[in-house]
Structures are given as structure tokens and as C-alpha cells.
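Coming up are structure 1 and structure 2: the same protein chain in two forms, each one given alone as C-alpha cells.
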Structure 1
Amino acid sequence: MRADAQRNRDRLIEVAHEVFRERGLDAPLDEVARRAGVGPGTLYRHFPTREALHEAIMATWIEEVAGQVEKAMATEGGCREKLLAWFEEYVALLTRHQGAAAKITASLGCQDSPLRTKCQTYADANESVLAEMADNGVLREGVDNLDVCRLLGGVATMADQSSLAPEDVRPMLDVIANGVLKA
């Protein structure tokens, strides 16, 4: 790639990050172009669809996921506390941008979505946490990772759309934890 193209691409991602945080993932793309000081044509050449731009944005979060798993697993207390700490991180990551939770989770089951690889990282992280629970013998039989990811995605989507505070999210995560762990 030519140096100027690379520069524009980087700048677009940076600006998009900013615009999406301010106005949600549905913000006008021409605004991103304008603020980045490029024409719309340039934006669309680099990112043919809105989703492609979302994907580029989210690449930066992905790197944090592994760290968040570790952090959650280091929580004081038993398995339940660790699991809930992870659930809270999961929801916090998904709700970082307005509108992101629904889109990421929707692409979980969809093979051909460009977001697929990103949400796979979340799913893998959750799987590792569930595996830890299973190793400790506290996981119910028949609990499927994909289902838990979807449940958490649903909670994150609700939290996103209703602008719920963490203390309003917590009781929902409690119910899911109860449903996932042995009594």
C-alpha cells in the first residue's frame, strides 16, 4: 500500500473511533470522511461497507479480551464471583460503543459476517471461562457456550439500548450465573 493511502486509512480508523463513540455506530459515514479531511470516495475505497469500518474499529478491543479474562479469574472469592466478574467485563466490552453489542452478537452464528472473527474472540474467551468452571465441577450439565454468549449479548444489548447502569445489569447476570452454575 502506498504511504499516503496507509496514512489516510489510519486516520480514518482513528476518527471513526471518535465519531462512533460520540454518535453511535450508525453515525453518518460522510461525517467520518469530513472530519478525517478526506472525500467520501476515499473512505468507501478503504472500507466498502459500514461493517468493514466497524470491524477495523473493534480490532483494537480484541487485544484486551485475554487480559480481561485473566483479570476476572483473579477476582477474590469462589467460582461464582469469578464468573460474575467475567460476565461484567464481557458486557462492559460489548457496550463500549453504542449499538455495538447487538451487531457483534448477531454475527456470532453467521459464518460470512466480517465481524465474525472479532466475536469469535469473545466466544473463545467465554469458552475458556466456562471450561474453568467445568474443571472445578461447578458447571451445570448441557450448558452450551454459544447460548451463554447470546444471553450475555442480549443483556449487553438491553443495557446499551436502555442505558442501564452496572447495578441494573448485575441482577440479570446473577440470574444467568444461577442458570449456568450447579445449585
Structure 2
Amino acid sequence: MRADAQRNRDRLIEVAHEVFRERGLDAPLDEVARRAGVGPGTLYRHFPTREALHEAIMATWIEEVAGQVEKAMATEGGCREKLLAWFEEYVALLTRHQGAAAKITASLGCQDSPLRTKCQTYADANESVLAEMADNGVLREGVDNLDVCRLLGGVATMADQSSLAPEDVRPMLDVIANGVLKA
């Protein structure tokens, strides 16, 4: 790919992130092109469909999720602090784009969803955190990863739709942690 074409592609991904964050995943693609300073033809040459643009954003996002898991697991303190740090990151990631929390949470466990890759990324990340809790002997018996993801997604949806501040979300995450960890 020519250097100028690569710059345009990178700029489109960056701007799409911003536009989707502000206006939701269904924001007009023409706005993405306009803000990136390119014509609609350039956008559609790089990303023939909305899904193709979402997938390009996804590739960088998957790496970010893995980094957030590592960050949470490096949190000072015990397992509860690490788990809550991850829960906070999970909610922050889900609420980054307006309306995404509800769409992704509703698609969890749905194998034919167009959001399957994103859902699987969340589920895999959460599973790795729960596995660490189990390895440390603090995870309750019978805790199901998909159930925890759906609970976190419910909190994220509430936060997204009512514009709750992180400090107002934390008590709800404490309740989930109480159900996940042994007393």
C-alpha cells in the first residue's frame, strides 16, 4: 500500500473511533469520511462495508483489551482488588462507544452475531481473569463466565444509558464481585 493510502486508512480508523464513540456504532460513514478529510470513495475503497470498518477498528481494540487485562492483574492488592480493577476496565471499554454496551451484551453467546468477534474477545479476557481467581482459590464454585459477562454488560448498559460516573458504577461492581468471590 502506498504511504498516502496507508495514512488515509489509519486516519479513517482513528476518526471512526471518535465518531462511533460520540454518535454510536450506527453513525453515518459519510461523517467519518468528512472528518477524516477524505471523500466517501476513499472510505469505501478501504472499507467497502460498515462491518469492514468495524473489523479494522477491532484489530487494534483486541490488543487494547489484552493490555487492560494485564494492567488489572498488575493492580496492587489482593484478588478482589485485581478483579474489581478488571471489572472497571470491562465497563469502561464497553461504554467507550455510545450504545455499544447494550448491543454487545445482547449478542454475548450468539454464534451468528456480527459482533461475535468482539463478544468473544470480552469473554476470553474475562475468562482469563476468572481463571486467575480460580487458581488463587478465591472463585466461588459454579461461577459461569458468560453470566459474569452479561452482568457486567448490564451494569455497563446502565452506565452508558444514564451517563453514570465511574464512582457511581463501583458499588454495582462490588455486588458482582461479592457473587463471584468466596466469602
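Everything quoted here is computed from the prediction, not taken from an experiment. Only residues modelled in both forms are compared. Take the two forms, find the largest set of C-alpha atoms that superpose within 1.5 Å, and that set is the rigid core. For residue numbers, the reference is structure 1: its sequence is counted from 1.
- Only structure 2 is derived from the form predicted on its own.
- Within the set G77, E63, G142, Q111, the hinge between the two rigid parts that rotate between structure 1 and structure 2 is located at E63.
- Two rigid parts account for the change between structure 1 and structure 2, and C-alpha superpositions put the rotation of the smaller relative to the larger at 26 degrees.
- Superposed on the core, the two forms differ at V38, whose C-alpha moves 8.6 Å between structure 1 and structure 2.
- On the core-superposed pair, the CA position of E22 changes by 2.5 Å between structure 1 and structure 2.
- Superposed on the rigid core, the forms differ at L53: its CA is offset by 5.5 Å between structure 1 and structure 2.
- In this core-based overlay, residues 1 to 63 form the only run of three or more whose Cα positions differ by 2 Å or more between structure 1 and structure 2.
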